[in-house]
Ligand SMILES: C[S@@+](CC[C@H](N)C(=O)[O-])C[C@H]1O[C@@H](n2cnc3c(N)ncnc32)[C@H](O)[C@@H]1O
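Shown next as structure tokens: one chain only, the form predicted on its own.
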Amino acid sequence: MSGFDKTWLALREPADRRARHGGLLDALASYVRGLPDPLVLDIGCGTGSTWRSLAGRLPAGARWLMLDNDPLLLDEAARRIGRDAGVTFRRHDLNDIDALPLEGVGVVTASALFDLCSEPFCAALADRLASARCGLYAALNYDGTMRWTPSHPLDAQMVALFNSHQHTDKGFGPALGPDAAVCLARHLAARGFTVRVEDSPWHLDAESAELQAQLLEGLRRPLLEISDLPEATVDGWLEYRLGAIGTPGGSGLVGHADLLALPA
């Protein structure tokens, strides 16, 4: 799977941090504090946003292993985090689930990952986690919800089309898209994990204008790929939505779900 643009990852990181469910973060921190020698494996680490969100909440002695298949993102993560003795970086293709380095790992973390993955991928990962008796914190899985004010007559149709596109292959087989958190929870619960799923939506306002604009502009290609709508129709809707950013009463919501699964 190809990496994401680090500019987009930086733009979304503040919204991600605000959206993370505090109760799940507290439960994760409590679990990690109970581990004798905590090692956290962050998969699909990107530029290290999960580490930046969690490091201050977890025990100071917790070690981290950061995995990504994109060497440019790994280099950026190392630059931003620093080559601290407690954080190491490794290139790894997540499609090779059997080779995930789970020895000694207490918790696997991932952010904005599983909506890109297939059900077989999630089932295989759940098997590995169960065998290793390793927990999972999976945050910011898109849940299919996008709402804006003021509304437009085509909003619901455009969201439905985008959600259909979210099921296309993103590098891990046919993607779960908005069904990711529910599917992942089902597989983990079937393997004896205690699972919690909580909402973690982005709340978008004038302060997040640049994020909103890039999000909307990024919808154009998927909408045109998945539908037979005239290009002018899609562009007209996007023009309206972009024009509403920052106007009085203009706001948006993008739904996500956070999941915490701990071995029994």
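Residue numbers run from 1 along the displayed sequence. Not measured: the values here are computed from a predicted model.
One more form of this protein, predicted together with this ligand, exists but is not displayed; see below.
Trainee: Can you pick the one in 183, 108, 97, 116 that has a heavy atom within 4.5 Å of this ligand in the model of the complex?
Mentor: Here the answer is residue option 116.
Trainee: Considering 161, 130, 73, 87, which brings a non-hydrogen atom within 4.5 Å of this ligand in the model of the complex?
Mentor: Selected residue: 73.
Trainee: Decide yes or no: are 44, 92 and 112 jointly within 4.5 Å of this ligand in the model of the complex, with each residue judged by its heavy atoms?
Mentor: Checked in the model of the complex: all three residues contact this ligand.
Trainee: Select, from the options 206-214, 65-73, 191-199, 222-230, the stretch whose residues sit within 4.5 angstroms of this ligand in the model of the complex by heavy atom distance.
Mentor: One stretch meets the cut-off, namely 65-73.
Trainee: Can residue 9 be called a contact residue for this ligand in the model of the complex at 4.5 Å between heavy atoms?
Mentor: Yes, residue 9 is a contact residue.
Trainee: Residue 172 near this ligand in the model of the complex, any heavy atom under 4.5 Å?
Mentor: Yes, residue 172 lies within 4.5 Å of this ligand in the model of the complex.
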